[in-house]
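Quick heads-up: it's one chain on its own, the form predicted alone, in structure tokens.
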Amino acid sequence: MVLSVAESSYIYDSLTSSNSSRIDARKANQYRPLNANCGFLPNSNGSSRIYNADGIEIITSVKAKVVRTERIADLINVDIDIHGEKDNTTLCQQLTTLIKASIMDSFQFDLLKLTGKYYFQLFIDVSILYLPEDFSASSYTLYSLLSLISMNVYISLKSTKLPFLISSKDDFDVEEEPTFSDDWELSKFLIPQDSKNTFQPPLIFVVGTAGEKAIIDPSLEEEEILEHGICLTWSNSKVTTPIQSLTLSTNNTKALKLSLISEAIKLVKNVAPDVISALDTIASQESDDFNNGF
């Protein structure tokens, strides 16, 4: 999307003025509407799908497999596919690497431990079903997708269920694989929903800056006039690494002020609890209807 000089000037002045306003009337900390649901793939331990106002639609599936291993790094596998693109494209590889790294940094691997020797191994498969044409030429594509994928993976992991273990947990002297109950009603959530002590999957937020203003979830139109951007990770109730500066526009780039980094962190701290509350509500509903929005 290419804006005219007049359009760019209008959006920039509206955003940076003392009475700051966004072209779609959102507040600085307000997301565009998102729709999501979970639990609709019968052959997966967890699943979710999400789409936003740009028309991007993403489906995530989580499958669990019992493995015997001592390598914790092997327990999380992430694969991201974009419809119409090869798996080895730079965008697919970047998304896969960044999403896996964010999960590995915060994951509580004890939740996957079955016995002294055996673990659940998770396969997280993300399919981006539709990517608007405007995104193909946008520097914002990687970061906007990261944010949406992190939300989708969050819902999938929070709704993932695992079969109930009925064999002994102490297998140091036993070579047999673990055995599970055939009754799926006894299955348990990977991440206990009634405990505040378990980890929360990471969420990635994109904040754009212009003048002295910081906004969350910039649209493509806003991206063209923003002077800088910041990508922040939220995990276990706090902002964590990585925190990355990013260029959202090649037309209006300026140096990033330290005060704006603090403003971006404050913005994420303000909005993250509400986002998590909405995602947790969706993850607990397991609705087959694609009408859950926030």
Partner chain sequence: MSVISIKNPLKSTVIEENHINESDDENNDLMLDDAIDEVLDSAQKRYMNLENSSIVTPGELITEDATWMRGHGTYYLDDKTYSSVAGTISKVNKLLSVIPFNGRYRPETGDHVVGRIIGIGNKRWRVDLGSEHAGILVLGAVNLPGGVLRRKSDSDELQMRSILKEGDLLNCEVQSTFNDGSASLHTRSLKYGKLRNGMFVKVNSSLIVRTKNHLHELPGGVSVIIGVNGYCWIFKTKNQASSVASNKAESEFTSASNGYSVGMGSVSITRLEEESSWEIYSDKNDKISSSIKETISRYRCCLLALSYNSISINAQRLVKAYEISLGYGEINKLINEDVKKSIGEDLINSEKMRG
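Residue numbers count along the first chain shown, from 1. Not measured: the values here are computed from a predicted model.
Just so you know, the form predicted in complex with the partner chain exists too; it's not on screen, but the next bit is about it.
- Using a 4.5 Å heavy atom cutoff, none of Asn45, Thr69 and Val207 lies near the partner chain in the model of the complex.
- Segments offered: 226-234, 47-55, 60-68, 258-266. Contacting the partner chain in the model of the complex at heavy atom distances within 4.5 Å is 47-55.
- Contact annotation for Met151: at least one heavy atom lies within 4.5 Å of the partner chain in the model of the complex.
- Although the partner is absent here, Glu221 lies within 4.5 Å of the partner chain in the model of the complex, judged by heavy atoms.
- Remark: Lys238 does not count among the residues lining the partner chain in the model of the complex, judged by a heavy atom distance of 4.5 Å or less.
- By the criterion of a heavy atom within 4.5 Å, Gln244 is excluded from the residues contacting the partner chain in the model of the complex.
- Contact annotation for 24-63: residues with any non-hydrogen atom within 4.5 angstroms of the partner chain in the model of the complex are Asp24, Ala25, Arg26, Lys27, Asn29, Gln30, Tyr31, Arg32, Pro33, Leu34, Asn35, Ala36, Asn37, Arg49, Tyr51, listed in sequence order.
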